[in-house]
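Same chain, two forms, each on its own as structure tokens: structure 1, then structure 2.
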Structure 1
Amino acid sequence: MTGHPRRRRSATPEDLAQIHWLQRLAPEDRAWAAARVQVHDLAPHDVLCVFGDQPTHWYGTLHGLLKLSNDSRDGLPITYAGLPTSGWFGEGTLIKLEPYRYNVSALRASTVGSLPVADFHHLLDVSLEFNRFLMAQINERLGQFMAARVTDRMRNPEIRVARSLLALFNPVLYPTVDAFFQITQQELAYLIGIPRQRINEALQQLAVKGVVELGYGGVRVLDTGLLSAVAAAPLR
């Protein structure tokens, strides 16, 4: 429960193939970075980062689903973002060298990659490609958070669910997300901030429209085009 994940191992070739920013680097930088990446296996509810901790690594979801939130210290628990497969996070904290302002925990069994903070800064110093990648990522994330502010003010659960699903399928931030998204309706409820019953209702509305297909413990997005259409227009 506390501090850092228990099971740490070195990265397998399959793990490294999941790390999309590695492919962007020049070959020598790629080899250098790949040798320094470590991998952690998390059980559901395992905590990766805690509010107030000094950051030691840059993290990414290789498999599974993480939640970035500020648990109920005082006031309402707020989930800032879900981090699906291929999502990397914490660069803002690392660049500022400030303590974490949020908690990160696993919503389900997950595999996490990590790069030590010193190595992260080394790549910043030597690799133009790495800087380009980070700039695109930060830019995309900024857009997502601005959109999320709008979404949070909306009443219609169907649109909120559609937009949240769309955010999790962002191809820039999360290039290798599966079409079948393994997330329970309860987890979506925590993520979006509305009760499970209304998540269920909204998902069924989306299913009727052929946007998604509901499965046990997950959602299959059938048509991302339709999904963005629903997210954009409050059609009943």
Structure 2
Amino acid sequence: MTGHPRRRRSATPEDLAQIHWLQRLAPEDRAWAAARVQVHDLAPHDVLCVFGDQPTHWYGTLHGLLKLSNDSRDGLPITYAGLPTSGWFGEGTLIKLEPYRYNVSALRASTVGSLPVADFHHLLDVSLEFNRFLMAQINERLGQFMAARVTDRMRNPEIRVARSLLALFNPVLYPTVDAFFQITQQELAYLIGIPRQRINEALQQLAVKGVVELGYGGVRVLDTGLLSAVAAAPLR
């Protein structure tokens, strides 16, 4: 299995407008980087990155939903993160120039932006704004991965769903995610690693508590404070 960067095209102005880190750069750096961004259109279940492959690009979800995952030693899948719209990832791997230690695949039809690894390192060398963005990104992602490992060991579906939803609504990693998040219960099941029926039961419990509202094709978070309280419940 190999990555899936084959359907590649130039970025349109609409694509570039969705790249939040691009808007933070100085004008000359922004124009330089924008000319080098490429776009990949992925079908559901297409693979973008594969464990052991050497990275060639830095990637971000412009539209859709990706999953960053791996297999445990006993062969069971471990999901590190869902990557919704505006989520860029893999900067640690590119900085160290090491092979991927995870797989990334599309849960639905998705549009992915990319910046070649050499251009990524050029921005590291010349742009203070880019470095500040990456520092915040890496710090936030580290906390998310640590929380995900704890969540994987939990048995309570309601808390697991709450923690996973809270991760998807992270304003630092995914600044353009709306209060109504378009995600199916099956997609949540793929992300969290529990059956769809358990996902449904957990969402119904959260809805009764006034934490979320279930809508057609998605979930609306009504109270992020309540969601955080449920997610912070003791491990059990």
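In this text, the rigid core denotes the largest set of C-alpha atoms whose superposition between the two forms falls within 1.5 Å. Computed from a prediction, not measured in an experiment: that's the story for all the values here. Counting starts at 1 and follows the sequence of structure 1.
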| Which of these two, 1 or 2, is the form predicted together with the DNA? | 1
| Taking the rigid core as reference, does the Cα of I19 move 2 Å or more between the two structures? | no
| said: Using a rigid core superposition, assess whether V211 undergoes a CA shift of 2 Å or more between the two structures. | reply: yes
| Rigid-core-fitted C-alpha displacement of T224 between the two structures (angstrom) | 2.8
